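In structure tokens, the next block holds one chain alone, the form predicted alone.
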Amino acid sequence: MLTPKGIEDLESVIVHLKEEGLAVIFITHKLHEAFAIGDCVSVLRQGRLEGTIDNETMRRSTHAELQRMVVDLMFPGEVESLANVAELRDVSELAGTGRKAKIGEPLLELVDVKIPGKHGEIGIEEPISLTVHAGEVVGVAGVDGNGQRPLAEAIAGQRHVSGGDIRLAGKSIRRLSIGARQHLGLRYVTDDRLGEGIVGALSVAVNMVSKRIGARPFWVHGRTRSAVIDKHAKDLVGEYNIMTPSTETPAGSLSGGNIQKVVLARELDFDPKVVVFNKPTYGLDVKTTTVVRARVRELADTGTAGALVISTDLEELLVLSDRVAVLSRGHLMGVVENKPGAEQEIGALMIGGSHGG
């Protein structure tokens, strides 16, 4: 959740600690950071120590060889399919790799929007304007707590705006309820997947249709059609490769990655036009992260939908986004085209610098 400069500073601090004779344990899901900082690298998998690459092996191996060793320990037999994921690469290699979309009509428009914070949090302090087009992924970067949650919740309808307008396909939705916005094709993938994304005590099947309660074909004349719900859930479990004992399993008992896939399956299932993703891969393993990011890209690839991806992971935004908006202290600092060198411009804006164009 640090800026690029903050990551450099952290690495310098760790080097200094080692020089002072301290021992350091550095836990990360970004493998290039582990290679840059670690004198040896250990891999945990499902609560077990799968292996350790010792200091001598680290010194005599190339970066590519180290990648293969670690990925093979994490996901045996899947080295080739995971060779180019962002977590294995330095951020400077990723700028400009995001999809260059052939964009269509504006789908989501924020026009001079202001959003109050709650309980001391930072809201959107000054009016911001931002547009997401059909076929486009727009990223929102920033250190956590700089207005991202108020922005996501205001678009989803969970929070009132204090000024400006929010439009979906040209229609103002500022005063519409959450359900009315969903009916128009707006979807929200929350960053609180366990507390807000699902009802943990309810089954996977029920969670799959929790945004469509009372609607056909799952309910007819007020009666629940359990067989239809179960078949629908099984289809989505297969499509999204959700690891669950059954569709009747309580959703809260699944792993974080599988809970996230349940949320994605539900939100992307019924004709989305705009999906707001708030930290969609936070805390997920490399393999699940790859699956989730592919779903975001596939959504925009249809050419009829758009995505707003809010993330504290700059690598994620560079591999997904066509443009990246930067929030700092509740202000929209600028919007950067995803091109070579974009990470430096985004990093400067994250700490309050100017937009170099």
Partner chain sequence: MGDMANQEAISAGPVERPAAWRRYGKEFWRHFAPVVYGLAAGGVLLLILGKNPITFYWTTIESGLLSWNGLMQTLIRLAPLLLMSAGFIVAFQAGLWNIGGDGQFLMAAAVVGGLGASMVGAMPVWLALVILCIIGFVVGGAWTIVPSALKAYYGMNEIITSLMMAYLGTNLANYLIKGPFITDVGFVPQTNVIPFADLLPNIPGTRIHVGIIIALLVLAVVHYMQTRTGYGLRLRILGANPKAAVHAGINVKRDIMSSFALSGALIGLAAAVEVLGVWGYVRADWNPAFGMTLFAIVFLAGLNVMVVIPFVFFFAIIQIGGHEAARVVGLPNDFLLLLVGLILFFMVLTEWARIKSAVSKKLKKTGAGSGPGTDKAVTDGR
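The shown structure was predicted, so the numbers you read here are calculated from the model rather than taken from an experiment. Residue numbers count along the first chain shown, from 1.
Another form exists, predicted in complex with the partner chain; not displayed. Remarks below refer to it.
- Of the listed positions (V228, I173, L194, V143), a single one reaches within 4.5 angstroms of the partner chain by any non-hydrogen atom in the predicted complex, namely L194.
- Checking G185, P250, G164, G104 for any heavy atom within 4.5 Å of the partner chain in the predicted complex turns up a single hit: P250.
- Though the partner is left out of this view, T190 does reach within 4.5 Å of the partner chain in the predicted complex, counting heavy atoms only.
- The partner chain is not shown here, and in the predicted complex it never comes within 4.5 Å of any heavy atom of G120.
- At least one heavy atom of T224 is located within 4.5 Å of the partner chain in the predicted complex.
- Interface membership of Q158, defined by any non-hydrogen atom within 4.5 Å of the partner chain in the predicted complex, is confirmed.
- Contact with the partner chain, judged by heavy atoms within 4.5 Å in the predicted complex, is confined among 43-51, 56-64, 25-33, 328-336 to 43-51.
- Although the partner chain is not shown here, in the predicted complex the stretch 195-220 places heavy atoms of G195, E196, G197, I198, V199, G200, A201, L202, V206, S210, K211, I213, W219 within 4.5 Å of it, in sequence order.
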